[in-house]
Each structure stands twice: as C-alpha cells, then as structure tokens.
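First comes one chain, alone, set out as structure tokens in the form predicted alone.
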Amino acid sequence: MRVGILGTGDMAAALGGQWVRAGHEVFVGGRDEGRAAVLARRIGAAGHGTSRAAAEFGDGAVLCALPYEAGAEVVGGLEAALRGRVLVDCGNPLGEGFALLTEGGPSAAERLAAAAPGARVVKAFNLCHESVWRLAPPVFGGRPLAVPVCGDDEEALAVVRELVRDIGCVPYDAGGLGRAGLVEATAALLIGLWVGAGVDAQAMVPPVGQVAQG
C-alpha cells in the first residue's frame, strides 16, 4: 500500500516506521522539507517532499500526524489532492492540563473532514503515546493492543483496519466519525490519568465477562 504521511514528528516516525517494516511504501511530507528528508532516511521511507506530494502519493492512505492547531489549515490547503483519499487522523486536541480543546464543538477528526470534504476521514491511533506504536508488536500481558477506529466509509475503514493489523494490533469498530469526539475525550482522560496522576488507567475497566448484559 502507498501511504503518505503529513508531518515529521514522533507519531509520524513511529507509525511510518512500522508500516515500512510491514512492507508498505511510505512517503514523508512536511512543511519543512529538510525535516521530512531526515525522517524519511531514518525510517527507510520510499520518498519525501512537501505535504502536497505526500497527499498525492498516498493513494492507499494518508496519515495526518500534525499538531491539532495546524491540522485543519494544512488539510484544507490540500483539499484537491486529498479528494477520495483515506485520511487517517491520529491526533489529540489537548491543551494545558490535558484539557480537551474541542469541548462543545466538532471533534478534531470532524474538523479535518470539514476542511477537506472530499477526503474519507477515519479516526485511529490516538489513544497511546508514540513510544507504544514503536513496539513490535504492541502486546501487553499476552494480549495485542486494541485500536478503536471511527469512520463513515466502509472501504476507508477496511484500509485502516489493515494498517492496524499490520503493526500487530486489533482494530475495534467504535462507530461513525461522529463518535470520534468520544475517542478524543477518552484520550484526554486517559493521558491525564497516566501522565498527570501517574495511575494505571487500565484498572478502571473490568474484563468483558464481568460486565452485566442487559
């Protein structure tokens, strides 16, 4: 699969590196082409260049690994290049004190969809720190990491499920793109507990067999 990456930060490096190892062709694009070149060499990407070049390359999928503040603006400027593309949003709209910057409004993923209405946006990969995505594979206590995936286009969801499985994780269908805000809010809660309070947030969730049905 040809995967374009918008961004040159830690998430771009972690996920892009995993997909290169899985055999995908990855192209790193950035507003700073020098940084894109450095990252491409580091992960063994097929190429590097501008954000537009990455969007045009990614006929399999395009990963948006940009800061929340820049995401909609950059994606909006690439609207034509992203038309019909599967656009994967892995970002979290978090501010000081792990506050959710989108509270009361559209989610970060929905803002990307509004900025590039021809793109097929899927929310995924936002619940964990980049160090987790570098693990090969991310398995804890013998159980592969689960990745919630939100989107409205079944073909796009199938593509993202493949990308999830290719790094050794299990995709969980979390509903349509309208539920992406719930996943982003979950990230704000979990990151605040993990980083801010230093507690094991996973301990909040009982095993599925212990959850009452009805």
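Quick note: we count residues from 1 along the sequence shown, nothing fancier. Note that the coordinates shown come from a computational prediction; the quantities given were computed from them, not determined experimentally.
Here the subject shifts to the form predicted in complex with a small molecule, a form of this protein not shown in this document.
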Does the 4.5 Å heavy atom contact test between Ala65 and the small molecule in the model of the complex come out positive? yes
Does the small molecule get within 4.5 angstroms of any non-hydrogen atom of Asp200 in the model of the complex? no
Quick one: is Arg179 in contact with the small molecule in the model of the complex, heavy atoms, 4.5 Å cut-off? no
Is Pro206 one of the residues lying within 4.5 Å of the small molecule in the model of the complex, judged by heavy atom distances? no
Within 4.5 Å of the small molecule in the model of the complex, all of Met1, Gly47 and Ala55 (non-hydrogen atom): no
I need the one stretch from 91-99, 111-119, 78-86, 139-147 whose residues put non-hydrogen atoms within 4.5 angstroms of the small molecule in the model of the complex. 91-99
Could you work out which of Asp173, Glu154, Asp59, Asp32 is the residue within 4.5 angstroms of the small molecule in the model of the complex, going by heavy atoms? Asp32
